[in-house]
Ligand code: THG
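Below sits a lone chain in structure tokens, taken as the form predicted alone.
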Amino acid sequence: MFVIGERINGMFKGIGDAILAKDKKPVHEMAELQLAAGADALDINVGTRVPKEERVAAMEWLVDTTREVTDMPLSIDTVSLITMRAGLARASRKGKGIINSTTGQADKLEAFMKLAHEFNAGIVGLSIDENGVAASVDAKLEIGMRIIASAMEHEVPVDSVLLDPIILPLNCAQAAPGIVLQTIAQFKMLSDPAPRIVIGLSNLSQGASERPLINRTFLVMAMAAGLDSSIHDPLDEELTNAMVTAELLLNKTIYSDSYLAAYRKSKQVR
């Protein structure tokens, strides 16, 4: 399971304050904590408190600051093409970048796929197009095919594409998780090699009272359906334990009585 840590995000107060003050210490600490807890990549998002005209510079600062402590992949999280280019350019100086994200809307898909090719970056493709978030399995698959076709056209390896079926909050779209589970299984049949599948797990439980329980239960279900990657909080120990146990039950790791400790040790020696 490829874990993208979600916590270097200006929407979290501590990181938002650090970005505004250009204080590197909280960013370094959060990067190191997430990696030690098992993150394989770090999502980088400057948030909304930074004025729009300053977000390119803020993204460059945030990526450079994170790169001071790790060369693991960085997921550049912005809807702005200009800010994305700036972040990818900095991330790619040491290690790999991931575009988070593009939609299936034709003009955006074209522009972001060109960036993925230019920077040899991974790319997250959302099940969204001109009509909004795709609501049905068939609509999500159609957008997924469009994204895969664009990747091939722009010589972006299919295994660098992460399709995101979009998980909506449970408290306002209770049927959505079941649709996403069906979509994950069918996304795997869109190409050979199969694209990878990612979800933004925390979106599922927004506004719900049992957020940790909802998140870890769905993560296990999605893994059984074929999920490859998740953007979530790796500092949630119970969530990590559920994820590692699911990998064991799916025969993706070798059993030992100390399998949880072995997982954490393997992450700390990277």
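Note that residue numbering follows the sequence shown and begins at 1. Here the structure is a predicted model, which is why all the values come from computation and not from measurement.
Although not depicted, the form predicted in complex with (6S)-5,6,7,8-tetrahydrofolate is the subject of the following passage.
In the predicted complex, (6S)-5,6,7,8-tetrahydrofolate sits within 4.5 Å of a heavy atom of R211.
A residue is said to contact a partner when one of its heavy atoms sits within 4.5 Å of a partner heavy atom; T103 fails this definition for (6S)-5,6,7,8-tetrahydrofolate in the predicted complex, lying far away. Although the partner is absent from this view, I231 contacts (6S)-5,6,7,8-tetrahydrofolate in the predicted complex, with a non-hydrogen atom inside 4.5 angstroms.
In the predicted complex, at least one heavy atom of S202 sits within 4.5 Å of (6S)-5,6,7,8-tetrahydrofolate. The partner is absent here; in the predicted complex, the one residue of L20, M11, L249, L260 having a heavy atom within 4.5 Å of (6S)-5,6,7,8-tetrahydrofolate is M11.
Proximity to (6S)-5,6,7,8-tetrahydrofolate in the predicted complex, defined as a heavy atom within 4.5 Å, singles out one entry of A91, V156, L109, L126, which is L126. Stretch 203-211 is the answer when you ask which of 203-211, 33-41, 219-227, 50-58 has residues with heavy atoms within 4.5 Å of (6S)-5,6,7,8-tetrahydrofolate in the predicted complex. Residues from 63-92 that approach (6S)-5,6,7,8-tetrahydrofolate in the predicted complex with a non-hydrogen atom within 4.5 Å are limited to D77.
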